[in-house]
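Given next are two forms of a protein chain, the same chain in both, each as structure tokens and marked structure 1 or structure 2.
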Structure 1
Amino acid sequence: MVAVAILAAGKGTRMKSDLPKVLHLLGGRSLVERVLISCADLQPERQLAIVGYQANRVKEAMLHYPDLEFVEQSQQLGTGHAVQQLLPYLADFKGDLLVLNGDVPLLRPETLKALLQTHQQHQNAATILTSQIPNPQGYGRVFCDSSNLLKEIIEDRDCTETQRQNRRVNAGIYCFNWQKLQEVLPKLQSNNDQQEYYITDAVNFLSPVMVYDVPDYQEILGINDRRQLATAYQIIQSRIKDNWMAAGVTIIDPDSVTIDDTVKIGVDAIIEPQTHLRGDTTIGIGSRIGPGSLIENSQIGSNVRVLHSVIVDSSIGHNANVGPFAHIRQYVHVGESCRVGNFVELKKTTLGDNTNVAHLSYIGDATVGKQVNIGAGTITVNYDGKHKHQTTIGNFARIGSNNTLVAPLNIGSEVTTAAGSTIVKDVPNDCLAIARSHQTIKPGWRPKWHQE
């Protein structure tokens, strides 16, 4: 049996924010959520978050994890004190406890799996995650024997010059035999400059204690300020983009592209420079996205072209073309082989297959049939100042350029509307609708000021 405890009580003063540190976003997910995801493959029997600063806010942010238990640490008196708060919650638990930090979000699932396997195979009382980092200045050094059994942990300020050459540091990630840890937690003391209780002190009462080195030291990097948050984002982005390129996706300029790890991309897709893919987004096989495009929480079909455009909360059918400079938002569905052209905005609209809205149009709150052509400069007047109204356009309609369609409005199938029309009444199937003022010509006319 495995229980996971996540230390998430701190304020994060160096973040300079009212938001609890563990709730800061890293690539679309909070830091603490990334920690939870990293241990999901272990299928722990219990998951507990130790919370303190703005505890209710942290709880509310994690409501989508119904099995997550919360433990209050009203005073933040160190990591040992935080783990002591688990005693009444895990009084009857028999198994191993994995202690993670809510501000160390870069751990890979396979690293935690290897840590747990090492701990259980050797029947350790405790196993400490360590790594050898290029510049260990400021970190406590971990010393062990040839069998990776811990000898001692020495703080940087207490190391001799020779000891400082050791680059193995403590990552602050532990796996404990809970029953053994349970016995020693009450023995922790705060005899230090900070007058805090440290979980590392528990190691002194336990045996055997082993270390497990993670090869990639970047996994153990913590987040204490905005610069470190930005560094972590770059690391995550490198991982994501490397994985997609290995899977058959072309990313032309990886340094200018960002991709959330919730995004799915089909093979032979091409991601152009300055493109950003976020949230619950899917890009189909062979599609070409960008340059200069943002797609968020949207599903893009296969062989779609999106150029210099923004698509949010919408779906685009196969073989469609979008842009340049289109804005598609709020639950739009664009059918297959459609064209949504330059400076077109769609909102809460469905376009049937093979329909074109090619130039300079706003179509909102509308249902448009298949093989419809909407002329340049056409708008749906969907808002009366208080309520939004619907426009429906039937199959095979031809909407003339510079039309104003005043909703609520139903335009039938195979209808043609004349250019420059303002359509305010429903139009039946198979007809021509003309709604213009009569043109008047006055020969020799000049404005009054010109006649003086």
Structure 2
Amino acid sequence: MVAVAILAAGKGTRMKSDLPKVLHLLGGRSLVERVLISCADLQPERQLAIVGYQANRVKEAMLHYPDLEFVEQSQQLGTGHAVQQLLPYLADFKGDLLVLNGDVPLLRPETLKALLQTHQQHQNAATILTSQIPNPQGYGRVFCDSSNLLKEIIEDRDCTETQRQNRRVNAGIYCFNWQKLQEVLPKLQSNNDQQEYYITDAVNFLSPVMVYDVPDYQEILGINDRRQLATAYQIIQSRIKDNWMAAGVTIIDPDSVTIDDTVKIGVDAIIEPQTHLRGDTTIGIGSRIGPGSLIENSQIGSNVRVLHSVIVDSSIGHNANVGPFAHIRQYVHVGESCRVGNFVELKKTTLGDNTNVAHLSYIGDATVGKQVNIGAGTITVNYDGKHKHQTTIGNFARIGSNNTLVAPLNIGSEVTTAAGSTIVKDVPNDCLAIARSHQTIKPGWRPKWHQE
């Protein structure tokens, strides 16, 4: 049996933030959520999060994990003190306890599996995850013998200069035989530089303790400040982009592109430079996105072209062409083979298949049929200062250039509206609507001052 405990009670002083450290976002997910995801494959019997600093805020952010139990550490007296809080909760638990630091978000599930396997195979009292890292500053140093049996863990600040040269560090991830840990937890003391109770001291009391070295030291990066947060983001990004390139997606300039790990991309899609794909987004087969586009929580069909545009919370049908400089937001559905051109904003709008809104338009709160052409510079007047109103436009309509469509408004199918019209009344099917003043010509006219 395995229980998992995540240490998430610390403030994260070095982040210099009002937000608890474990709630800082890394590529769309909080640090603590990433830690939870990394151990989900182990299918633990129990999952506990130790919370303290702004406990309610952390709990609220984790409400979508109904199986997660919260353990309060009202004063944050160190990582050992945090684990001590588990004693009443796991009094009857028999099995192994995996302890994870809430600020170590890059662990691969395979690594945790291997750690647990090593622990169980050797029947260790504890097994700790370690790695040899180029810059070990700030990490606890791990000293062990040639058969990987632990001698000692010493915190960076408690190390002598010689001890500090050791580049094998403690990842803050431990597997414990819970019954053995239960016995030593009450013995922890706070006689160190920080006057805190260290979980690393509990490890020092146990035997046998083995270390498990992760070859990829990047996995154990702990986030203590914003610089480390940015480094972790880069690592996650290169993992995500490498995966997509291996799966048949072209990313022209990976360094200038960011992709959340929630995004899905079809084969032969081309992601051009300075493009950012976020949240629950899918990109269909063969689509070409960018350069310079942001797509968030949106579904893009196959063979779609998006150039220098922003698309949020919307969907785009197959073979559509968007941009340059289009802004599509809030539940827009663009049909297949549509064209949404430069300087066009769409909001809460549906466009039927083969419809074009090609230049300089705002279409909001509208339902537009198929094969409609919206002329350049047309806008829906959807807001009267208090309420939003709907516009509908039937199939095959041709809205002239520079029309003002004052909602609520229904324009029928196969309608033509004259250029420059301000349409305020419904238009029936199959007709021409002209709503503009007649042009007047005054021959030989001059301004008054010109006549004097």
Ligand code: UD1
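Think of the rigid core as the biggest set of C-alphas that the two forms share within 1.5 Å after superposition. Along the sequence of structure 1, residues get numbers from 1 upward. Computed from a prediction, not measured in an experiment: that's the story for all the values here.
- [ ] Would you check which of the pair is the form predicted on its own?
- [x] Answer 1, the form predicted on its own.
Task: Core superposition between structures 1 and 2, C-alpha change of N204 at least 2 Å - done: N204: C-alpha displaced by 2 Å or more between structures 1 and 2.
Task: R329: Cα shift of 2 Å or greater between structures 1 and 2 (core-aligned) - done: No, because once the rigid core is superposed, the C-alpha of R329 moves less than 2 Å between structures 1 and 2.
Open item on the list: Superposing on the rigid core, is the Cα displacement of R167 between structures 1 and 2 2 Å or more?
Closed with: Yes, shifts by 2 Å or more.
Task: Per-residue C-alpha deviation between structures 1 and 2 [Q195; rigid core superposition; Å] - done: Rounded to one decimal, the shift is 2.7 Å.
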